[in-house]
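We've got the same protein chain twice here, in two forms, each standing alone as structure tokens: structure 1 and structure 2.
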Structure 1
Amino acid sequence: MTQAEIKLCSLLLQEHFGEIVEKIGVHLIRTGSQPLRVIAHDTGTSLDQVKKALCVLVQHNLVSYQVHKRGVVEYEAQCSRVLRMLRYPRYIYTTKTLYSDTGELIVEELLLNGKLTMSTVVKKVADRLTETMEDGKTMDYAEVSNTFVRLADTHFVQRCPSVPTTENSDPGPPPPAPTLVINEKDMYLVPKLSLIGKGKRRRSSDEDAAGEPKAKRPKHTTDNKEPIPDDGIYWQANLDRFHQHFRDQAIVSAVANRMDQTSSEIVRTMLRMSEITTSSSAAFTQPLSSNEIFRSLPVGYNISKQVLDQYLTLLADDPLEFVGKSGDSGGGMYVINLHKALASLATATLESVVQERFGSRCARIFRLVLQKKHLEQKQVEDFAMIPAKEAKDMLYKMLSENFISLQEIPKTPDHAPSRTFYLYTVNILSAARMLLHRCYKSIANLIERRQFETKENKRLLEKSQRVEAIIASMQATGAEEAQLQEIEEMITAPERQQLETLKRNVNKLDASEIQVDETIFLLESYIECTMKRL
């Protein structure tokens, strides 16, 4: 784990879980797998606190445990999983676009709580939705369950590994930690629950919305004592599936930018058809015949078979090679080259960064070296049609920032510099890694700056919160306009200005974090798929 990653993990853990969890988490990330006693001793925190922190981390899938010999349980932190916390808003928003508010809240509850049973999720979401609905309406559990089942069917939520049901009556002592297992087939199997009920509003118990009869309330209290039917079956959000979805989205929008809307729709159809059949780390999707694609096109698109064939041929011939032709049966078998697509996206990201950082002439040189693979300095000047001095300057600037690297080819065995070729080349993998590292640093800086800004204006923020609370309570008890005006004037105009500026800055910093996270996603996916291939 690089220092930048550890710093970022530390900031994220501190923001979301507090300082104690942060201390324990960072210690585990730095030192690897450790047992409980050693953690407590090394971090100097009390055993109680370490236990609480570890519980929280395990609950959120950030730390895993393993029983080693002699019954010692060791805990290991997953640094990459901690970094996923940056992406939570994106996951939730994606679910909203696919499954509307119900799905959004389900995924939000699962992400905020780490793992939950289905019945708990359904109940919480129903309650939350009921809060937002108009008076007199409540959310039925059945509707929420349906959405949950749909999420499980499309693999967006999955079952957590569970305690194995051991039949043997082992006379020995129970193991210090359970070894959790999960069967591949069961991962998306929804237990048969009959969840009947409606969401409850969190109001005083006298006014029960929807006029539920009083008889129902004793039933609610007895529910707490009844065993929940799906005890022990916990669900978590399946982040890999979300990543697959983001990747598909990126590919479709790339095709739309490069060609037109129809071709992007065709690619989207192909990706949708291979969602469940292709594993997330495959290099190609399963081959799809042109007939199948034609049948699966969305209903609105009435293009003829020939036009579809023309589009497919066009896509297959495109130098970016997103789509490839793998055979001729069934009217032509086509695959989507996922790895090539990711590589193109990563390269485009690099080009864009060079352009924004150094200017469009540098970008021209960069693209040139990318295309020609290896170039001497003289050749760069000739091909790019940029005067020698400027070209030299730009090349060295990019070299110092490690976007371009130098390859030495000696002519003589003594590697004399005057008799050696120096070729400029772009190594995409290492440039991507360098950029990823920079992204981690950037986000850490952004978070620090945001915390600094908030801390600077803490007094002002607290004051405005108090004033708002006062106004809200006065409005609730029905105060006059004049009194409200008076209270509002407690915050002077320059203070208001300051608050506005603060809000604007914090929003900008937050939006930048989200933007950098998108870049991180592309680069990480590219690096991951390239490493798998090697």
Structure 2
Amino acid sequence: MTQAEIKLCSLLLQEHFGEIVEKIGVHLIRTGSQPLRVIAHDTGTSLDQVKKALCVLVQHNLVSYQVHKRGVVEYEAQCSRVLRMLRYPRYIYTTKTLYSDTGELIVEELLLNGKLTMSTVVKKVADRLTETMEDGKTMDYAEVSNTFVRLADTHFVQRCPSVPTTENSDPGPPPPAPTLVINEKDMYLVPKLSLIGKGKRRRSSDEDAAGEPKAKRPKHTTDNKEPIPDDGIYWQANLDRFHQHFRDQAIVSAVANRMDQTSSEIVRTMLRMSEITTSSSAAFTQPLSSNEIFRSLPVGYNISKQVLDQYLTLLADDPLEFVGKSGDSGGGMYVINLHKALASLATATLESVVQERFGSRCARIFRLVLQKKHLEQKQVEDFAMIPAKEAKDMLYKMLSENFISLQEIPKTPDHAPSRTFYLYTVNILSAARMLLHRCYKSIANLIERRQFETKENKRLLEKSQRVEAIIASMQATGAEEAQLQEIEEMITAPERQQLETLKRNVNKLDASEIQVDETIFLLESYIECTMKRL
């Protein structure tokens, strides 16, 4: 765990949950697993506050716990899960593009609350969608429920581990902490609920027809509530499935850039056919015959079987080896080499960074060393056709920044420089790790800059919010245009200009965060996939 990652985790926890949760979370990241009283003692926080903070962190899967033999419960921070909070906007936007506004709000509710039952999610989402609709229109629970089922079928949401029923019926003393289990068969099994009803608007439900305030109504109705049919079955967003989707999108985009749209559509079809059957950590997809691929092509994509076979052969013969041939049955069996694809994407990212930081000549040398694996300085100068002095400067510059490394091969045991070969090489894994570390630093700087910008203009932002609230309430009561104009003029022209500048700057910083996170995702995926193969 590097200092850059700890700092980024600290910023994310503070931004999402506040200072106390951030204090406990960062302490656990730094120290590893610890019991409750030790955490309270080391952080100087009251036991009650530590319990509440741990509840929040456990609810959002940011902290896990385990019971030791002596019955002591220890809590451990999941740093990689904390860093996933950077990607929340991307998860939500992806669901919106795939499953429209209903899917977007379902995933948003699950990410905001950590874990929720299906019935609670459906009711919350239906209410939120009803709020945005025109008067007289409402969102049906059944429609939201159908979208939830589709998300579960495609594994974008999954059940949380729960306490087994046998543990509850045990007559002995209760364990210090419950043991949570999940059957893999039930992970995406949606409970059969008959949710009948429509979303409600907040304003209409505050008072009944007689005008009696909600607070003064008798509370006897709450005691006779029926038990919730899915009580105890909690759901969460399946982040690994989202990562699989992002990886597939990156591969399809890379194929489209390298070849053409038809090739990318064939690769997209292959990935879609194997998205449920292939695990997120697999190096290859399941083998698919060309006949199966032909039958699964999108409707309206008019290419003949012969043309498809030609495209598949082209893809299999491509030097990048994104697609490989694994057999000849069924017109030819094809797989997508996910590890090779991720390695190519990571290499392209490194090349792009070298070009932006050091210029096109350095990028030429970097690509040359990548291609030839090991080169002496004289060979680099000759192959790259760059003068000796410039080539030496460029090599040392990249060497000092850890983009390339130097390997010594001695002729004699004494390692005398005159009798030693010095070869330049690119270790993609270590270069990717170094770049990932820099990306974490960049994101932390972007978050700090955004917080500084908003803090500097805090008074102006509060004034703008007050004016907007007054205008909204006046419009609701049917105020005249002249009155609204008068309220709007409370913000002067220079203040309005300052607000526009702030908005533009914050939008730029937000966009930069998302772009850097895309690079982080590619590098993390490549490192994880490579480490599993070693």
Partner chain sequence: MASRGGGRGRGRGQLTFNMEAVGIGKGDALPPPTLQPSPLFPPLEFRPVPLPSGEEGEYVLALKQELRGAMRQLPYFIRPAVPKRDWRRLPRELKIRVRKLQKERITILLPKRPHKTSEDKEETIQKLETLEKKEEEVTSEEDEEKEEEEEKEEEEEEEYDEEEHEEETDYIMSYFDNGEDFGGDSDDNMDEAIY
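Structure 1's sequence is the ruler for residue numbers, which start at 1. Between two forms, the rigid core is defined as the largest C-alpha subset superposing within 1.5 Å. Everything numeric here is computed off the predicted structure, so don't read it as measured data.
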Pair member which, unlike the other, is the form predicted together with its partner chain: 1
When the rigid core is used for the superposition, does Leu460 move between structures 1 and 2 (threshold: C-alpha shift of 2 Å or more)? yes
Once the core is aligned, what is the C-alpha displacement of Thr492 between structures 1 and 2? Give it in Å to one decimal. 3.4
